[in-house]
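As structure tokens, one chain now follows by itself in the form predicted on its own.
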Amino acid sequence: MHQFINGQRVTANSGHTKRVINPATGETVAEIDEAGADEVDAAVRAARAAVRDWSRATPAERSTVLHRFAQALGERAEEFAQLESQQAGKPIRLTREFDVPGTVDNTAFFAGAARNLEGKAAAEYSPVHTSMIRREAIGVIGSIAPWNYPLQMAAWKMLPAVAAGNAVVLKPAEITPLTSTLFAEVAHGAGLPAGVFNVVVGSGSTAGSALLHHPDVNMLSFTGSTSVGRKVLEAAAGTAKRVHLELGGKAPFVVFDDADLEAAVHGAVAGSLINAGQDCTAATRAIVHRSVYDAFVDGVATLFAKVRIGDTADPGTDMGPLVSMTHRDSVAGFVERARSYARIVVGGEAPGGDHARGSFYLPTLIADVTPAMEVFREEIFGPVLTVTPFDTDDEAFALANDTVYGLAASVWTTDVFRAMRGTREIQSGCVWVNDHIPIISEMPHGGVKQSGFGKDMSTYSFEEYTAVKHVMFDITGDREKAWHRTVFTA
């Protein structure tokens, strides 16, 4: 029973099942029933029935439920950490210290944010009228989440939408659905009314397509690849649905000659290898001043070689496998093709021995990369960092922007003026200075260019999940308004 519809777990009647595989061991974690169009329709109908009352609940009432939800998540943190580690192949240290605490904090944040919907002050913007703003729920939100951060993406999709008074039907990735269903179950147990948050587990071609094209879904929210994001836009066009997209990335990591080189090296290792590089904000393109280029390459290569891969249940493990053998082969393909045009400094292969059971791939550093090369341009989504030299600041910023993506970037310098220029010049939804990756609930996450549009987290996300309504009151009581004469005179 891996569907969560109208406040309870149910079994899909499609007759199709799928195994959830631990990518570190190749062992089966669970066998799930796959939703089809019937389950999606049931979930949307449940959401439609629930949204009227939930959208009219007071902000305090919604906040109270979310506060209880945050507490319940915290109490079951280890359960979520273990399950997330097993289904996604994440090191347990990452799920315990990043995925789960971040989700709990995000939930607590939106519990407070539910009481803080903002709008322009009511006033007489016309001399004879008082205007005010209502910020209202959109209705039923159809959300599709990716496999790289199953729990966190379920939270990022659900929390702002529900805090703003909407109801949600979430389709998680079918290869990593387990924490999403548990997340919904815990939410309901904390007092979220039946139908406000539903989870349908199925393939993109069946459950995903049914959700995208359902006429009673008011908005689509998608996180995933840019290519699939375009299909979401096409589906939304048929009924003019609102769309929120968080898509791919190819984050530049710009290191200037005055940077603290040791800090930059450590930052590059952490920023490129988080979640085995399966992160759309991960550092993927190191753009390094020529005067420190060799030292940077040597430093990163030395640390890459020390990264511990292996048993994801061992707190000492640094990096887990890629999500599947298929994805590992895709990453390996990029690296193999790069051998003919760039320099593989370290890594570049799957480890043998006990690790051969899982979809592991060694941290890989590719040097002497130019903008025309495939590994500079395409999203690899694995533990691969490329390095490209530059000579001038203008060249560095041009290289950073030489991509169709614009999700995240970082600038490494001790010059405050250079840092400020970097935050202005680089076309990206987020620019870190002397760090790369940290996120916080109070600040927005989202991209520009082909990395999508709209924001997750923070109160800025309410812009995505609410409709702004202008309400205007006549304050004169006059039967004949002055403006009437522009239309007729009696």
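The model shown is predicted, which means the values in this text are computed figures rather than measured ones. Each residue number is its position in the shown sequence, starting from 1.
What comes next is about the form predicted in complex with a small molecule, which does not appear here.
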Select, from the options 311-319, 226-234, 74-82, 335-343, the stretch whose residues sit within 4.5 angstroms of the small molecule in the model of the complex by heavy atom distance. 226-234
Residue contact check: Phe304 to the small molecule in the model of the complex, 4.5 Å heavy atom: no
The small molecule contact in the model of the complex: Ala184, any heavy atom under 4.5 Å: no
Does at least one non-hydrogen atom of Trp147 fall within 4.5 angstroms of the small molecule in the model of the complex? yes
Does Gly195 reach the small molecule in the model of the complex, with heavy atoms at most 4.5 Å apart? no
Between Val104, Leu247, Val255, Val369, only one gets a heavy atom within 4.5 angstroms of the small molecule in the model of the complex; which residue is that? Leu247
So which of Glu379, Asp393, Glu136, Asp402 gets a non-hydrogen atom within 4.5 Å of the small molecule in the model of the complex? Glu379
